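The chain below stands alone and is given in structure tokens; this is the form predicted alone.
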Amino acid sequence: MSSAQHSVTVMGLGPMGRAMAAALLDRGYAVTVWNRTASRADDLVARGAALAPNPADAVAANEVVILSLTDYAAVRAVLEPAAPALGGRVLLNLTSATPEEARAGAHWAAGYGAVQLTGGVNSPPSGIGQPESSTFYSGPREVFDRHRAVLEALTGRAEHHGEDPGRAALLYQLGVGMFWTAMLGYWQAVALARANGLTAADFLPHADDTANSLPQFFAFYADRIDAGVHVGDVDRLAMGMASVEHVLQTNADAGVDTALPAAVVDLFRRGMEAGHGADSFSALVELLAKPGK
């Protein structure tokens, strides 16, 4: 690895950016950092990182520039004043974005002679630098291959998912969409448990059993959904309708907020009204894919 490939800039020192800079320092990289609040870099500088005084100097310092900012609007606001320094740079953009924002960001970067490699990190900051963690990437394969060592220093598995700069963002949003929805389901269950005198710790073994059962359901339904088969041979939406209504009523009886279970009941009710009562509740995928139809 050349000295240039062993030097990296990290812009944005929130929990994720700090973890990335620290992981790179641990692996012997020369790291330049920049953050709007410069004091956040103090401990990294004490470990040997160089603090850039402004975004232009941060970009100019290294070919690879890791971006870990709040959103793409923040990326644009930070980089526009540094635009003259962007030529020849690889922007490893690990900022959360929609697929369209990622594509627009790559197009904007290309206009200044930079290349964007979009990343979606499947790990909290505590997982950065760990071999079991992973990140989705999309963008030019040649850039991915050339800088694989840096990518694998950040997370043990670096997965390339095609040239489309929006693909990694899409895969990331698929995952976090499931995560937030599932965690809200857990918070709802904990609230209901507490209303009935149970602690989160009391409920934990049952929560674990429920969560651990989900992969088999994912696997069972995947091929059927891809084939458009929603036959009610294993479950029926009408049965599920009764179940989710019971969940809603149990929460209401306990005085717990019902907004989330009510939204679930509404979706099931729409499925019933669309004539799917005798079908599998997987038919709800079709309603979600074509809202209002």
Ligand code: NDP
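Just count from 1 along the sequence shown to find any residue number. Model, not experiment: these values are computed from the prediction.
As for the form predicted together with this ligand, it is not shown, yet the points below apply to it.
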Problem - Option touching this ligand, based on a heavy atom within 4.5 Å in the model of the complex, out of P140, P125, G185, G156 - result: P125
Practice task
Please name which of the stretches 33-41, 245-253, 46-54, 229-237 has residues with heavy atoms lying within 4.5 Å of this ligand in the model of the complex.
Solution key: 33-41
Exercise for the section: Indicate whether this ligand has at least one heavy atom within 4.5 Å of a heavy atom of L69 in the model of the complex. Expected result: yes
Handout entry: Interface membership of L198, this ligand in the model of the complex, 4.5 Å heavy atom rule
Key = no
Handout entry: L24, heavy atom within 4.5 angstroms of this ligand in the model of the complex
Key = no
Problem - 4.5 angstroms heavy atom contact with this ligand in the model of the complex for Y172 - result: yes
Practice task
Any residue of 74-99 with a heavy atom within 4.5 Å of this ligand in the model of the complex counts; write them all down in order.
Solution key: A74, A77, V78, L94, T95, S96
